[in-house]
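Laid out below as structure tokens are two forms of one and the same protein chain, each shown alone and named structure 1 and structure 2.
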Structure 1
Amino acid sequence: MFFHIVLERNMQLHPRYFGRNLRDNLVAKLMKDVEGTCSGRHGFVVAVTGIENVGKGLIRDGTGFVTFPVKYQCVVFRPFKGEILEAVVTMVNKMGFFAEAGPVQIFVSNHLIPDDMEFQSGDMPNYTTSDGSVKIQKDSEVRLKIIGTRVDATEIFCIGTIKDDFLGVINDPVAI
């Protein structure tokens, strides 16, 4: 799920960036440092949408660097247990498959795949129904439900299922 939140960060800036473009340089450095990162508490930072406040800088002794407290608005992505997501399958093996929904990687165990789907090994490993009408393989798009998350300091891992109503393959790359 996406949220629009306000975060704070202390930014260090080298003296060469001081001048009339100080604020622009600070904002550019903030975007470069923050966008695409993950904090376990808030989730993945997708984009910085605005700067609320840049505090007074504090000169660091001996280096000349200045630390500015910056309060900024950003869009974050944090998956929750019970959330339904659409994801792209990245790898299939006999244990299940991995899929990506934006920056988050989701594992779906073979126990959480419908019973009528069997693993087929070969040059393109996949899970196929007994009649062959539905196939989950690399680059397939699936709709899945998150049943568990594990949050580390810099990463979020998810476990998902497609063993529920209205879940499963939504787009097969071979059928196109």
Structure 2
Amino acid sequence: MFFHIVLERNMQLHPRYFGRNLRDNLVAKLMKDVEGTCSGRHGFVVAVTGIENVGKGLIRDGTGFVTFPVKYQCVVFRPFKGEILEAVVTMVNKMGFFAEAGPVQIFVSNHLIPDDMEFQSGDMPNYTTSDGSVKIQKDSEVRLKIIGTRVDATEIFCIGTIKDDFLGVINDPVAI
């Protein structure tokens, strides 16, 4: 789920950036440092939307670097266990399928795919019901429930299921 939250970070700036453009340099460095990163607590930082506050800089002992505490607003993506969301299938194999929801990858094991769907190998490996009415293959859109998350150093990985009610392949949504 996407959230708009305020985060804080201590930014260290080299003296070469001091001067008229100090704040611009600070903001540019912040965006470069923080956008695209991931933490277990806040999830993926997708984009910084604004700077709320830049505190007074503190000169570090022994070096000329200055540390500024910066409060900024950003859009984050944080998947939660128990959350239901829509994702795009990226790979299908006999163990299950991988799907992507934004920056996060979700694996759905074949044990958590309804029993009436069977794996079909071939050029376009897929899971299909016995009557062929429902098919899950690469680029299919599915609605799944996250049942577990694992946090790595740089990303969050999820396990999902489509075995519950109202989960599975999505038919084309009507755009309003």
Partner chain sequence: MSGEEEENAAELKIGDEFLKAKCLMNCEVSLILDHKYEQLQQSSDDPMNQVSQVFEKSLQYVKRFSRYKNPDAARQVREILARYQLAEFELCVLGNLCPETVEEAIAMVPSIKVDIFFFSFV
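What we label the rigid core is the largest C-alpha set whose atoms superpose within 1.5 Å from one form to the other. Every residue number counts along structure 1's sequence, beginning with 1. Computed from a predicted model, the values in this text were never measured in an experiment.
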(message) I want to make sure I have the labels right. Is the form predicted together with the partner chain structure 1, or is it structure 2?
(response) 2
(message) Quick check on D131: with the core superposed, does its CA move 2 angstroms or more between the two structures?
(response) no
(message) Checking V27 here: with the core superposed, does its CA move 2 Å or more between the two structures?
(response) no
(request) Mind giving me the turn angle of the little rigid part against the big one between the two structures, whole degrees please? (result) 17
(request) Please state the CA displacement of G62 between the two structures in angstrom, with both forms fitted on the core. (result) 7.4
